[in-house]
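This document starts with one chain, in the form predicted on its own, laid out as structure tokens.
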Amino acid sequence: MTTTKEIIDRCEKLYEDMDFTAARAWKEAAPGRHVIGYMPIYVPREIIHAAGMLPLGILGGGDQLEVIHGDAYYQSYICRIPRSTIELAVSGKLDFTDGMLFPSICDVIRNLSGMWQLMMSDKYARYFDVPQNYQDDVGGVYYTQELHELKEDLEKISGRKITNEDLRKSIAVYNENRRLIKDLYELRRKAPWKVPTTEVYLLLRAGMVLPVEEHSQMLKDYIEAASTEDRPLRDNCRVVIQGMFCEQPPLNLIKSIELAGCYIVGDDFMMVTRWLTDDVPLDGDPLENLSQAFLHHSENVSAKYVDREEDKGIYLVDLVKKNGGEGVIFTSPSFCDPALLDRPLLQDVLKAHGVPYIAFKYAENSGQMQPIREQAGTFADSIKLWSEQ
């Protein structure tokens, strides 16, 4: 049987590969293949897959890419991910892609989509907007039309029609992938010492560059291996980390939190992998089903519009309770408006429910982890010492 170490070693190689070798190999393996990149948060990858294309997660340059040209396109007082994404493009690392989707996250990513259209005028680029009104006859109609337009755009690139049967098959494939990720998170909830979050993070990152079918098999193999392998149980604090939904953290940041005595039992990494909370139905109109799933069966993050002020933060309290969390660590990228503007509201809700928390900021290229480790360690110690008094 494949071991967790073998699987994670491969995931780490994929994580470190800034040339997207696996995606390039997939495209070159057969004529007529296309690759569509997307920024974090959420895009309907099912439609890209149904077009016979590879959805490719573009998560910035991390701590391995030196940003030189990217800094010339953006001011210094915004998050780093748009600059490193520009650097990936300017340096030719994304030259094999056929298009790029920029989901609705914030004004910075909206502006990046316009910059991309100016820089990469020969490639498809679309700012993928989502509804703020969740009524079926308003936001539902709007979002379904957005899905139709995306489908038509991809048909032009691929040169073939995307049938309803194609969409249903792709929805079924992604339903399975989401179920496996739920199983992975459930195993971590029950036994976080068996499933370190550094490994969960690398597994999710692998899913950004691999075909979904291959990623699902990788998840099955890991869950089977992790369930049977013995690992030491430590007296760690169980925490939920929040704020990493867009610009992804360097791997060492997650390692530092774990080494500080924390079991991470909840997170908002790469929300595209589990934005939809239930299986999308396979009967009926597939685009209508995707629209309904987004409106009524999707997760809450700071980049998602919440209609009622009293709903703010309740999802986080529920996440803490569901996973047996003892505290929350807010780890937001510097200058991330959605995360940082929401943080005081979320903290107020946590305080009202007696949930302890701390907060710090990072950038995807953060190198100095000792202060973060010290803060997380002090937080874990304080929970262990005083939470039950």
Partner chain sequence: MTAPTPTAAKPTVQKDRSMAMQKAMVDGNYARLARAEAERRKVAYTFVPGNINELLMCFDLVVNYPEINAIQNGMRKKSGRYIMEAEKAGHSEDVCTYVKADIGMMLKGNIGPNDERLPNPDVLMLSYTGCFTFMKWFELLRHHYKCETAMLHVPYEGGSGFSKNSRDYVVKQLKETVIPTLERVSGVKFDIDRLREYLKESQKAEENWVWVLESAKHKPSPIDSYFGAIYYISPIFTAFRGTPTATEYYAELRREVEQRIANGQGPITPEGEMKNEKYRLVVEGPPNYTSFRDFWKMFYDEGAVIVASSYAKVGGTYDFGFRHDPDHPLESVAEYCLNCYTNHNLPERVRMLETYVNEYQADGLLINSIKSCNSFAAGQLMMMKEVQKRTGKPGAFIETDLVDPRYFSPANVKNRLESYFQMIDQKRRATAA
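Since this is a predicted model, take the numbers as computed values, not measurements. Residue numbers count along the first chain shown, from 1.
From this point on, the text means the form predicted in complex with its partner chain, which you will not see here.
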Open item on the list: Within 4.5 Å of its partner chain in the model of the complex - does that hold for a heavy atom of every one of 72, 304 and 312?
Closed with: yes
Open item on the list: I'd like to check something about residue 169: if you look in the model of the complex, is any of its heavy atoms closer than or equal to 4.5 Å to a heavy atom of its partner chain?
Closed with: no
TODO: Please run the contact check for residue 335 against its partner chain in the model of the complex: heavy atoms, 4.5 angstroms, yes or no?
DONE: yes
Open item on the list: Please determine whether residue 219 contacts its partner chain in the model of the complex, using a 4.5 Å cut-off between heavy atoms.
Closed with: no
Task: Residue contact check: residue 150 to its partner chain in the model of the complex, 4.5 Å heavy atom - done: no
Task: One residue of 94, 251, 106, 276 in contact with its partner chain, assessed in the model of the complex (non-hydrogen atom, 4.5 angstroms) - done: 106
TODO: Find the only residue in 78, 225, 293, 317 having a heavy atom within 4.5 Å of its partner chain in the model of the complex.
DONE: 78
Task: Contact segment among 158 to 166, 231 to 239, 264 to 272, 133 to 141, judged by heavy atoms lying within 4.5 Å of its partner chain in the model of the complex - done: 133 to 141
